[in-house]
Ligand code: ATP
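As a starting point, one isolated chain is supplied in structure tokens, in the form predicted alone.
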Amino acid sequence: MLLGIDDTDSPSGMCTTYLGALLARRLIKMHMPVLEVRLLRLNPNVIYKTRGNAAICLEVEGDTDRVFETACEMVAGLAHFSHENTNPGVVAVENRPPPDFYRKAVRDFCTIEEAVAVLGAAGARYKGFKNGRGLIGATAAVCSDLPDMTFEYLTYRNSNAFGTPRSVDRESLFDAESSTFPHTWDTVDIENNCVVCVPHTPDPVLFGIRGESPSWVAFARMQVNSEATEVEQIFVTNQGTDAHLVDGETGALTEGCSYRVTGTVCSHAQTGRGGHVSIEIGNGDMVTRCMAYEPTKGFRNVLRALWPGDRVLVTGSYKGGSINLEKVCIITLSPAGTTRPPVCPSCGARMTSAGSLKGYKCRKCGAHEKEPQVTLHDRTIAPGWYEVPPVARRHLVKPLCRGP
């Protein structure tokens, strides 16, 4: 059977994955084997999310009613009900429903009514706490289909340490990254010399290692020195897979969805207030603004190096009328150059315009030329893929170490 849970945390603490790890251990003690624990990231642009918009799914060998009642009991005891956006949902179903609802929850927006319809058709048991919005994520979790999957090794603090500064040895995290990359990623950000895998929020997570297999994330975790942990769990995830992206067209994008869009750069990049950088790309008359915000650090220089006429493919979430960039692929570069009146081949003087569409004339000796002098400039960038640094990467974004 499959058990889905969502929306138990709040900005002030708790974590749905932590509840899932504890629940897995309780079910095992009740002699119900847990075959898999999944962590599903859903649409990152949902306004009601508390933090990372994650839901969990446990695959369990056991009595559906007993598992469901145990899960509801744990949610009732651990969820942060005092926060207005904490509205847990619990779902138990014997067979996995079709994946359509999961795919919509990752790429678009779903309603509670849509979730309940899926659950009813599947004969599922379910319970929504408060307004029941967590049923959306819990339903998506049990519907999840992962043609591409990654893994995360999550460690959790002892409960008496919640809310206090975390103790994780910085050097050991860099060592773990050095010895396991590209099989693991986003443990640290080498270019910006900062740690990525240790959260700053007051939740139970101590740190997490993401990678391509359980063995690689476990190997990296073994190299990390830290405070004592209460629970450690390897999750199967959709993180780092670009599962949120759909193909889109400039000028025809929906707010809150995430896209792959191909277009031609229309103008040079502009640096605005706060160091945010923007460009416009288009196809014909349809133009879309693309943004690289200050937290993307050196990635902004990719936009600054683009010229009008460059052909690019961009990925990112469409919010506030802009694509918030995650990656850029430069397909082709336009010839970059400057034009000026030619030098007279007879006397060496600089020519001037002879009038509209009439070419150029030497005012000194009267010679004529049709074409201007073009000076080509070396480009500071090459075709290929570019990505935001680990410190600015969202959970679902596929890092280039996994391929474009």
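Note that the structure is a prediction, hence the values are computed from the model and not measured. One rule holds for the numbers: they count along the sequence shown, beginning at 1.
The following text describes the form predicted together with adenosine-5'-triphosphate (ATP), which does not appear among the structures shown.
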Open item on the list: Even though the partner isn't displayed, in the model of the complex is Glu73 close enough to adenosine-5'-triphosphate (ATP), meaning a heavy atom within 4.5 Å?
Closed with: no
TODO: Indicate whether adenosine-5'-triphosphate (ATP) has at least one heavy atom within 4.5 Å of a heavy atom of Gly52 in the model of the complex.
DONE: yes
Task: Distance check, Cys365 to adenosine-5'-triphosphate (ATP) in the model of the complex, heavy atom within 4.5 Å - done: no
Task: Heavy atom of Val91 within 4.5 Å of adenosine-5'-triphosphate (ATP) in the model of the complex - done: no
Open item on the list: I need to confirm a contact call. Of Ile28, Val46, Ala349, Ala354, which residue comes within 4.5 Å of adenosine-5'-triphosphate (ATP) in the model of the complex, counting heavy atoms only?
Closed with: Val46
Task: Heavy atom within 4.5 Å of adenosine-5'-triphosphate (ATP) in the model of the complex - residue from Phe109, Phe151, Phe219, Tyr259 - done: Phe109
Open item on the list: Within 4.5 Å, heavy atoms only, one stretch in 369 to 377, 62 to 70, 341 to 349, 37 to 45 touches adenosine-5'-triphosphate (ATP) in the model of the complex. Which?
Closed with: 37 to 45
- [ ] Check each residue of 1 to 34 against adenosine-5'-triphosphate (ATP) in the model of the complex and list those with a heavy atom within 4.5 Å, in sequence order.
- [x] Asp6, Asp7, Thr8, Asp9, Cys15, Thr16
